[in-house]
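Next up: just one chain, as structure tokens, the form predicted on its own.
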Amino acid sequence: MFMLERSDLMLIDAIDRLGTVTKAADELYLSQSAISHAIKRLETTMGVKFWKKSGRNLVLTPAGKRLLTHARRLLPQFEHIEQEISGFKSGVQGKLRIGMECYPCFQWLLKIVAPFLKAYPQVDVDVLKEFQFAGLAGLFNYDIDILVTPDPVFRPGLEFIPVFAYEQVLVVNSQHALLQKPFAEPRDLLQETLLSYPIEDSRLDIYTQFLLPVGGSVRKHKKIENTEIILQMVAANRGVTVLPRWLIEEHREQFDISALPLGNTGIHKQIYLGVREDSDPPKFQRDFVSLALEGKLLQP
């Protein structure tokens, strides 16, 4: 009975990403004839076509697309297993993959990563943004090892560890008329341009916890990926934004900005580290979480 091998999964992934047998052969360190033979063997033994020709390129059939889906789920797991087993030799080798669902948390993360890298010189750290992994599936599929998120979704097999609390505040130019008020109200934003990270509106606290419950809105909404650009726009009175208070305190001297609460009670959040409930995760992963918890002292 024919059994799929890891090399088959690597083959279909490489051909799809690179588009040609030639490029796939170069990446996999194989000859073109070896790639062609592997394709023929796979399709013959499985009794189904995984590719069809489109000019000089190979494109996937429906069966091929299905196999590719499995390949991209399983290959990271193979890599993770190999790194984890290798790390057992000393407990200090491997790669830690961190998924970020919190744009402004990169600056906080740097404070944790720096001492971690010093403590574990043989451990690499990869930081992936949202578009590079599929949310909770990233944890379940071993695409990431730790998820940094302010919006945990509790599921069996996952644990979300609270790291620190913070307040979301409205950030405005330091001469903005709203600063005459003790806090902002939804109606205050009707004529404002909202600047935010490129996140779905349904996941923005300014909408879900402030505007939508009372039918509020803004005049215009612009999405910008870079924190400094957002703050420069606010300082130039080109719009307002919502960010953690601790982040604003760090940038107050650099930009002409001020902040005020959203509503009379404010919007209060918590940063969590999501991890799999593995029976025995690598030592360096456990130590990273411990360092992050100790890092509460590093907050502004």
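From 1 onward, residues are counted along the sequence shown. Here the rigid core means the biggest group of C-alpha atoms that line up within 1.5 Å when the two forms are laid on top of each other. In this text the structure is predicted, and so the values were computed from the model without any measurement.
One more form of this protein exists, namely the form predicted in complex with the DNA; it is left out here, but the text below deals with it.
In summary, among the residues 268, 40, 65, 238, the only one with a non-hydrogen atom within 4.5 Å of the DNA in the model of the complex is 40. Just one of 69, 44, 57, 254 comes within 4.5 Å of the DNA in the model of the complex, counting any heavy atom, and that one is 57.
Remark: residue 21 counts among the residues lining the DNA in the model of the complex, judged by a heavy atom distance of 4.5 Å or less.
In the model of the complex, the DNA sits within 4.5 Å of a heavy atom belonging to residue 30. Contact annotation: residue 36 falls within 4.5 Å of the DNA in the model of the complex, judged by heavy atom distances. The partner is not drawn, yet in the model of the complex one stretch among 49 to 57, 244 to 252, 269 to 277, 228 to 236 has residues with heavy atoms inside 4.5 Å of the DNA: 49 to 57. The Cα shift for residue 272 between the shown form and the other one, taken after rigid core superposition, is smaller than 2 angstroms. Core-superposed comparison between the shown form and the other one: the C-alpha position of residue 23 differs by no less than 2 Å. Relative to the superposed rigid core, residue 246 undergoes a CA displacement smaller than 2 Å between the shown form and the other one.
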